[in-house]
Structures are given as C-alpha cells and as structure tokens.
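To begin, one chain is listed below as structure tokens, in the form predicted alone.
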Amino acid sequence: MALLDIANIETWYGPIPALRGVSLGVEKGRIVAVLGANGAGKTTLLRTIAGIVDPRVGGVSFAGEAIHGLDPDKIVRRGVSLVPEGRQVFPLLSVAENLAVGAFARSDAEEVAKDLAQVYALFPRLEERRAQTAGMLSGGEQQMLAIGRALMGRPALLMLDEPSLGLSPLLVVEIFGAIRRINETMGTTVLVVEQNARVALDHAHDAHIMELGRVVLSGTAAALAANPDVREFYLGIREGGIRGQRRWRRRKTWR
C-alpha cells in the first residue's frame, strides 16, 4: 500500500476545474517528482493534499487513513509537511525562531533538539546565521530555511513546491542534493513539484507529468528521462521524436 494515495480527485476554484480526475500513489521511501507547465495543476495538487483546498470529488489517504477534509494543522500532525512556492519564511523572525515554529506541534524537547542539530548539519549556513533575521537571507538560504522548518515537524512525507524557483544553477544542484540526503539519511518520503524537469528526473525515483489538470504520463524517473517525447518537450533534446505540441497531445499514451 502506498504511503500517499490520491484517488480520482477533482479540485475546483469556483466554476473552474483545476484538477480533473487525478490519481497517483507515492510509495514510502521514494522521491516522486510532478512535472508540467504553469497551469497544469501541480500546485493545486499539493494544496489539496495539504488540506488548504478540499477536493470536490475523490479522496486523499495517508498511511491508510483518509485525510481529505481535515484542517491543514491536523494533516501536519499526521506527518505531512509542505514547503510552499516562494518559501514564505517569517522575515522578521530569526533563523532559529523560524525553525522553532516548525516544531510548534511537538512536545518531545530532546528529540526536537536532535532534529535541530540534524537540520544544521544538513544546512551549515543556517547554523552560521541562526541569529540573523530570515528576511536578510539570500534566496537560496531562505529555501534552505523553509525546508529546515518543515523538517522540524519530523514529517513522514515532505512536499516541496518549485524548490528551484529563482535560484542559480549551482544552488539548484545544492538544494536537490539536500533533498536526496533527506530521503537517504532521514528516510523521508519526498513529493516535489518542479518545472526544472532535468534536475527533477536526475534526483527522483518516480515521476508524473501533468497537463491541464490531469496526469498524462507516469513511470520511473529513468523511464521518463529516456522517453524520446519527454526528452524533446521537457528536456529540450530532439532525437527524432514526435514533432509538434499538437501531435504530442494527441498521443494515446498520454490519455
């Protein structure tokens, strides 16, 4: 059984459908990437899982229990943490205070201290700047802080929305290297939404591609990275695959 199971969800914003019958599973211990262009429904998918918006149809189960319809704080307590697009750190609080906010629901002080040490080991720059206000950090450091804050809740599932957004190529590599270490050393399952298909497929185990609110292709990251059409339209590598976005959308394998 998957750690996270999404079954035929439809999420609407007023009269506009954002997700149209999305189903996918995330196995425990895996890094799973969700790829797609702007407007594909990727962020709405994470917001639905996190309880920020409710699906009109379908369900979301985590560790075998339904979580759709729960308040976001209750979903966090179940072990699901979201790092939102744009980081959304508390700019007037220090680095240490931001990290403390991430552990707000916990009462195990000794374990919280251990997790804080682990976050500082993962991101040494955060420890160096622990007394600095978050608003004075660089974009890359704020992304590290947002991830560290989420980890302070000790999630079983860490969700990240566009972690590479606005970062230099070197920082993107650093952030995704940290995501892999979180998965390998902490055993945390990761669901990452990302437009940078190349780096996402390089670091993920499994991947899904979304278009217009639907999942149109799923598989292992290696299989998708080797798919000629994915290579052409998402990685920019032409190898004699199908030419033209119109024909690409008509392929039966994308239905």
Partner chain sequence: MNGLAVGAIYGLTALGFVLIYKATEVVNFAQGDLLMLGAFIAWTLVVPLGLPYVLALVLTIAAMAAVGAGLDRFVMRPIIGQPHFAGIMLTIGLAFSIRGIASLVWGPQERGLPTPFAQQPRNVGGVLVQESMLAIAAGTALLCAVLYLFFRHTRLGVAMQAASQNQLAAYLMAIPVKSVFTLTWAIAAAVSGIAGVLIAPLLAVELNLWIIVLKGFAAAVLGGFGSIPGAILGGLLIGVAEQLVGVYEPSAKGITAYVVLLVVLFAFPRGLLGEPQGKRV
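Positions refer to the first chain, counted from 1. Since this is a predicted model, take the numbers as computed values, not measurements.
The discussion below concerns the form predicted together with its partner chain, not included here.
- At a distance of at most 4.5 angstroms from its partner chain in the predicted bound form, none of the three residues Leu3, Trp12 and Ile67 contributes a non-hydrogen atom.
- Across the options 173 to 181, 120 to 128, 89 to 97, 160 to 168, residues that bring heavy atoms within 4.5 Å of its partner chain in the predicted bound form belong to 89 to 97.
- Its partner chain in the predicted bound form is not approached by Met186, whose heavy atoms all lie more than 4.5 angstroms from it.
- Contact check for Ile52: a non-hydrogen atom falls within 4.5 Å of its partner chain in the predicted bound form.
- For Glu111, no non-hydrogen atom is located within 4.5 Å of its partner chain in the predicted bound form, even though that partner is not displayed.
- Although the partner is absent here, Leu82 is a contact residue: one of its heavy atoms lies within 4.5 angstroms of its partner chain in the predicted bound form.
- Along 61 to 77, a non-hydrogen atom within 4.5 Å of its partner chain in the predicted bound form is carried by Asp71, Pro72, Asp73, Val76, Arg77, in order along the sequence.
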